[in-house]
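Below sits a lone chain in structure tokens, taken as the form predicted alone.
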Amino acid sequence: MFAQSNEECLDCHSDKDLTITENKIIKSLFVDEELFNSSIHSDVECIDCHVDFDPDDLPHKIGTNIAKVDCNECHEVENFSESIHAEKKVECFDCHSKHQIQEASTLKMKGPDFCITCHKKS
């Protein structure tokens, strides 16, 4: 395992212009440090979730795909795995965010307006 602190990751990923092109789609690699630090995962290191890569091997996307995070490594997701959301291939980050991770209770407080983001009114 390679030593890599959040500070080292943010040396590059705090750049709002940092992007990668995948399948002709430009994707931002920016991580807002302030939002991350206010998330439920603020005490987690980047490499706790983004695993199996050499941080000095740039760009990181060559080789093992470090972008794919397995939340099941730390969280019990059995109920989710059996849900309609899992069946429809909804990812954890689709609701909880990628770097400003929100607790389920926070999402529930947002109420129906949050759900309508995906579940459009007919």
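Because the structure is a prediction, the values reported are computed rather than measured. Note that residue numbering follows the sequence shown and begins at 1.
Keep in mind that the form predicted in complex with ligand HEC is not shown, yet the notes after this line are about it.
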Check whether residue 26 has any heavy atom within 4.5 Å of a heavy atom of ligand HEC in the predicted bound form, and answer yes or no.
no
Taking ligand HEC as it sits in the predicted bound form, is residue 74 near enough to touch it, meaning that at least one heavy atom pair lies within 4.5 angstroms?
yes
Any chance residue 15 has a heavy atom within 4.5 Å of ligand HEC in the predicted bound form?
no
Within a 4.5 Å heavy atom cut-off, is residue 58 in contact with ligand HEC in the predicted bound form?
yes
If we check ligand HEC in the predicted bound form, which of the residues in 33-52 reach within 4.5 angstroms of it by a non-hydrogen atom?
36, 40, 41, 44, 45, 46, 47, 48, 49, 50
